[in-house]
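The chain below stands alone, shown as structure tokens; this is the form predicted on its own.
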């Protein structure tokens, strides 16, 4: 069976099937469709959806709901993400599971509200103080908007960290025919709650994620955005500070294999690899098909996770390759990550920053 829908609808369906029961957001193009659909559909499923007075209030409500036991999600675009920054840092420090949908549009500042871009790929990773890890997934099809939203909820529970679903204006607002078989529900783990905690946090071993404590359950619990010990009391003890911060890094970096996700299509004898993500990946696939039809061998890889960088799959795809073409709708932001691991290979950014989609012909031109 088939259906006709857009990426925003697919994200909402994925969130509902993942058990999301709290949503708060503020209207912002091109993410407003998610807010409107969640306000219509989530109460019917027994959840709560709120339009906050602004972005800061919206993400703050999501943090509170998550700490009280809810599966929470919010959605915004680049300007709203700027306002989320402080509370995203709070979620990282407090280890709060949260799904954040960022429907990218052309920036900077208010930029082009109705034009497409992929300019937030570095922003979601480095937009908070400290530089500690987050997880970011990047659907490239309407079907992946559904499946990766469900995966985002699972990863948020697994690692107690904000997980971004990084989409863009064209993917979210363009209607397309999709096979309903692409909407196979993914498994989303239940939240693990510590019924009798002896401390709020534990940092040893550093890579382990601990069960949560439910706020409002009657047990005394603390929460702080400051550097803290296992009981959430502020500390300057160097050993405790090191243990906390090492834990925030290791719980993600040492479990990359659970997070990294790509779709790889390698061709024997190819000396060129094309890399893309999001809606731009459709143009990449068309360009590679056309190039192969001319009898030239080209490999390609679609990145479904951007952070942590899926280095294992990328390095494997680079084997035997001389040139790497990176197609994206920004000034070449993710190409920098590819250069970092390219081992001296030539990296060719193919970019567009005028608010229009990259055409397959532009990518094919770099393959000539």
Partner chain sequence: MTSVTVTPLGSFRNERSYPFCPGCGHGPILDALDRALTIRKIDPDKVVIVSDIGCSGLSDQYFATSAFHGLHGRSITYASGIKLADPGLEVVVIMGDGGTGIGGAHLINAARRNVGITVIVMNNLNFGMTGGQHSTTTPQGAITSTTPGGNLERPLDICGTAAVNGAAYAYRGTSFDDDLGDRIAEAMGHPGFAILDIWELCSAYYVRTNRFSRKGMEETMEELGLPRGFAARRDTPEYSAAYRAAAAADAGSPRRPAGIPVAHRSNLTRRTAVVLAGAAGGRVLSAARSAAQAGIASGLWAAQRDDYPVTVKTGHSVATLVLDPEPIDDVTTIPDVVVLVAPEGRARAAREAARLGADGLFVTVAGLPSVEHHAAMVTLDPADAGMLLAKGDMALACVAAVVTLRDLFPLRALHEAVAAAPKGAERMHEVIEAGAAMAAIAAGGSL
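Numbering follows the first chain given and starts at 1. All figures in this text were calculated on a predicted structure; none of them were measured in a lab.
Omitted from view is the form predicted in complex with the partner chain, to which the following refers.
Proximity to the partner chain in the model of the complex, defined as a heavy atom within 4.5 Å, singles out one entry of 122, 254, 264, 174, which is 174.
None of 338, 317, 304, 65 but one reaches within 4.5 angstroms of the partner chain in the model of the complex through a heavy atom, and that residue is 65. Checking 246-254, 201-209, 152-160, 278-286 against the partner chain in the model of the complex, the stretch whose residues place heavy atoms within 4.5 Å of it is 278-286. Residue contact with the partner chain in the model of the complex: residue 330 places no heavy atom within 4.5 Å of it. The partner chain is not drawn, but in the model of the complex it has no heavy atom within 4.5 Å of residue 362. Contact check for residue 358: a heavy atom falls within 4.5 Å of the partner chain in the model of the complex.
The partner chain is not shown here, and in the model of the complex it never comes within 4.5 Å of any heavy atom of residue 32.
The candidate spot formed by 1, 41 and 233 is fully in contact with the partner chain in the model of the complex: every one of the three has a heavy atom within 4.5 Å. Shown without its partner, the chain has 37, 40, 41, 43, 44, 45, 47, 48, 49, 50, 51, 52 in segment 30-52 as residues with a non-hydrogen atom within 4.5 angstroms of the partner chain in the model of the complex.
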